[in-house]
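Only one chain is included here, represented as structure tokens and corresponding to the form predicted alone.
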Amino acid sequence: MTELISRLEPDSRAASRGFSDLSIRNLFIIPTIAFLIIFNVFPLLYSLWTSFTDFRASTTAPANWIGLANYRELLSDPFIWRNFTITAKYVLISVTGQVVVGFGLAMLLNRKIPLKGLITTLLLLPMMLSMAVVGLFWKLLYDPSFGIINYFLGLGKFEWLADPDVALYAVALVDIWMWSPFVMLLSLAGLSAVPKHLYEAAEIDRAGPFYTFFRITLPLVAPILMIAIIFRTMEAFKTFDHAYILSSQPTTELIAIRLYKMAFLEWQTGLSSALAYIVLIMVVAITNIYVKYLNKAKAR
């Protein structure tokens, strides 16, 4: 009789072993909450407090509360605005290039072509590499002495990463090469979801390729393309690794690089915390604008 009751009531069996559903749930949830508080919430709140002080991590002097002085200093600094301008230009070039190349590749792979699976796999390889490795790899390609880019283009000793007019485009090209496959993957998912009967109806009506693309393909893929743009914009804003490795001149000093130098080379901890929060607010604002357009695209 006892065996029959415990078979019908699993909670009773767990209770008999000292574990209830609530205990098992807490066993997983409590460590997760503790992890989030220790590694996410506490650093976030501590850095927010630090941004209102003159704290320097390189000294033992106590942090003094200075209110909004760090924010005022940063927002009135023309060099910081120059870093923001460079970053905005980099984000625009990089994300636009990734969308054009990624969507173009997706349109190509959405057709019936030989070795489609192999080509798709090869195109995804750059995404699997470390950012530091990619930076070193492209630094060798751009090298004015033995880099193969100058060799194939016949540019002699042209220095891509030293020329102030070209260096930022050269750094953005690396980002385009690495992350266009990400846009391609999302675009392929969107293109495969477009109903085939719409194309058949357009063909019956003798619609041209431009009409089909702008009236059927692009509007239906736009929401998922907008998601790719949101992700890539957020990532491009915090670009650091390969840009730091490739070039160290002022025209390529992105805001993430300036933040790193301020925090770990100049040890202005309070000031760098304030800069990090300014960047965070800007990224959140831009993302909200994108999300608004995304909701409009979904509503159509």
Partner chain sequence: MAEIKTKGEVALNRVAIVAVLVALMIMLMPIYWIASTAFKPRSLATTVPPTVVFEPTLTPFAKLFTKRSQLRQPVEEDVYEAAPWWEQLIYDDGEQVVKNRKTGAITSSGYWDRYKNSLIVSIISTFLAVSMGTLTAYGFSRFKVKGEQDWLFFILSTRMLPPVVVAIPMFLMYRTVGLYDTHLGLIILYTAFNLSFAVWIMKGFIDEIPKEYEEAALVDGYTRLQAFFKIVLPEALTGIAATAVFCFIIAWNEYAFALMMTSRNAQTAPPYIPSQVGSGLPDWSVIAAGAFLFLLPVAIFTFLLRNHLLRGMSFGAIRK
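Numbering follows the first chain given and starts at 1. As the structure is a computational prediction, the values presented were derived from the model and not from experiment. In this text, the rigid core denotes the largest set of C-alpha atoms whose superposition between the two forms falls within 1.5 Å.
Heads up, the form predicted together with its partner chain isn't pictured, but that's what we're talking about next.
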property: Close approach of Trp177 to its partner chain in the predicted complex, 4.5 Å, heavy atom; result: yes
property: Its partner chain contact in the predicted complex: Phe35, any heavy atom under 4.5 Å; result: yes
property: Distance check, His197 to its partner chain in the predicted complex, heavy atom within 4.5 Å; result: no
property: Contact of Met234 with its partner chain in the predicted complex (heavy atom, 4.5 Å); result: yes
property: Among the candidates Phe137, Tyr71, Tyr169, Phe84, the residue which, in the predicted complex, approaches its partner chain to within 4.5 Å (heavy atoms); result: Phe137
property: Heavy atom within 4.5 Å of its partner chain in the predicted complex - qualifying residues of 96 to 118; result: Leu105, Leu108, Leu109, Asn110, Arg111, Lys112, Ile113, Pro114, Leu118
property: Is_shifted Leu265 between this form and the one not shown (CA, 2 Å cut-off, rigid core); result: no
property: Core-aligned C-alpha movement of Asn26 between this form and the one not shown reaching 2 Å; result: yes
property: Direction of C-alpha distance change in the predicted complex, Thr217 to Val291 (at least 3 Å); result: farther
property: In the predicted complex, shift in Cα separation for Asn40 relative to Val283, 3 Å or more; result: closer
